[in-house]
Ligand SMILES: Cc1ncc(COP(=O)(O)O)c(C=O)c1O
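Below, in C-alpha cells: the form predicted on its own, a single chain.
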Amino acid sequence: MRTATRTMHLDAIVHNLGRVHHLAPNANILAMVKANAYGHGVANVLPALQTFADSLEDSNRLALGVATLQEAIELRKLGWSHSIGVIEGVFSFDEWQMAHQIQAQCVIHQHEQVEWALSDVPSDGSPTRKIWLKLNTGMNRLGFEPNEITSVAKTLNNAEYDLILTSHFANADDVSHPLNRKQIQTFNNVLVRLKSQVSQNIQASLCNSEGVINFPDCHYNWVRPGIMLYGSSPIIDKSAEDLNLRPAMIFGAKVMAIHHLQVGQAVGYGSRFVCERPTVKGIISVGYGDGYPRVVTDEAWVSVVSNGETYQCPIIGRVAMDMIAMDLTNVPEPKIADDVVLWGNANLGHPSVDDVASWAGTIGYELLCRTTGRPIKNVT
C-alpha cells in the first residue's frame, strides 16, 4: 500500500483558535471552514472546533463561516449546532428559503438578495434574522458602494433584520500597503453613519487572518480567521513559527526505493537533474497527483527522519504524478520505510507548507486546498 499520508492534528487547530482569541479577546470568531476546511476535511476538524467552542464562557462566540449554502448544509448534517455564516450569500430565492430551514446566516451583497430577504422574512428569534451586509471598501469584488449602503441598511432594518456590516481587506498581509488605511477609513465612516442614521445596534466585521494580526484596532464585534487556523502564515514577512501558529496538516510519506547513481547519470522526466557527484537517490510514492506541486525550484527539499535524526534532503528531478526523487547522499544510513515529511512543523526541522508554496510560486492556501483524496488520512 502507498505510504503517502495527510495527518490532521486537532490540537493544533485548538491552539491556533486560542491564538485568535488571545489576539482579539473581545471579538466573536467566525472560523472559516470553506473549501472543506482549507483541504483538511471539515468532518476531520469539526471536533476541534467544538472543543474550542466548549472552552469558551459562551460557546456561541464561535461560529463557522463557509462560502456556499451546500457547505452550510454539510455542517448541519455533521452536527454543528451553532451559527453558520454563508459569506458569498445565496444564489436564488429557493436557496434563501433553504438557508432559513437550516438556520444559516447570509451575506447580502447585491440588490436581488435584498429582494429575497424582504420577500421571506424569518420569524422572530430565528438566527437568520441576522444579515451580514457587505460593503465594498476597495477590494472591488463584492458589496454595496458606500453611497448606496445606507438606504439598503434602512430597508433591511425596517424589516427587523439585525445587521453586521462587513467588508474584506485586499492587502492586509502587507501592513504598510496604503489601501489598508483607505479601506479602514471608508469602513469606519460608513459604520458611524449607519449607527447614527439606521441603528446603534449594527455590529461590524472587517478582519480576516491578516487583519486579526496586523490591525488590532479593527477587530470590532467579529473577526473572520481562516488560514491561520490551519497553521499557515497569512503575513508576508512572518513565518507561522514567528506567529506561534502550529501546522494542522502534516504531509508525509516513506522511502520506497534507494539507488546509487554515478556522476553524469540523470534523474526523472526531461533529465533536468544530472548527478555531479556519486549520489544516493531515494524515491517516495507521492507526487502532484496527491497535491504536491509539480513546479518547485531547485531550493525545494524534504525532511527525512532516519535513525532518530532529521535531515534536509533536496528534491532532484521533476516532481511526477506519483513519485518524487530526493538526494539522500548526506543521510548516513538511509533505509526503506524511513519517514519523509513534505511539509509539516518547521520547529521540528521540516519544511512548512509556506516554504513549499514559496518554491512553487504560490501560497499556502492553494497547496492546502488542492491536496487530493489519494493520501491516507489520519486524524490525531
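Numbers for residues come from their place in the sequence shown, where the first is 1. Note that the coordinates shown come from a computational prediction; the quantities given were computed from them, not determined experimentally.
One more form of this protein should be noted, the form predicted in complex with this ligand, which is absent from this view; the next part is about it.
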task = Decide whether K77 counts as a contact residue for this ligand in the model of the complex under a heavy atom distance cut-off of 4.5 Å.
result = no
query = Does this ligand come within 4.5 Å of any heavy atom of R141 in the model of the complex?
reply = yes
request  = Answer with yes or no whether I73 is in contact with this ligand in the model of the complex, where contact means some heavy atom within 4.5 Å.
outcome  = no
query = Looking at the partner-bound form in the model of the complex, is V296 within 4.5 Å of this ligand by any heavy atom?
reply = no
Candidate site M32, K134 and H168: all three near this ligand in the model of the complex by heavy atom within 4.5 Å = yes
message = To verify the annotation, which of these, N180, S285, N208, Q113, has a non-hydrogen atom within 4.5 Å of this ligand in the model of the complex?
response = N208
request  = Using heavy atoms only and a 4.5 Å cut-off, determine which of G226, G291, G268, P127 is in contact with this ligand in the model of the complex.
outcome  = G226
ask   = in the model of the complex, which of 351-359, 316-324, 336-344, 33-41 comes within 4.5 Å of this ligand (heavy atoms)?
value = 33-41
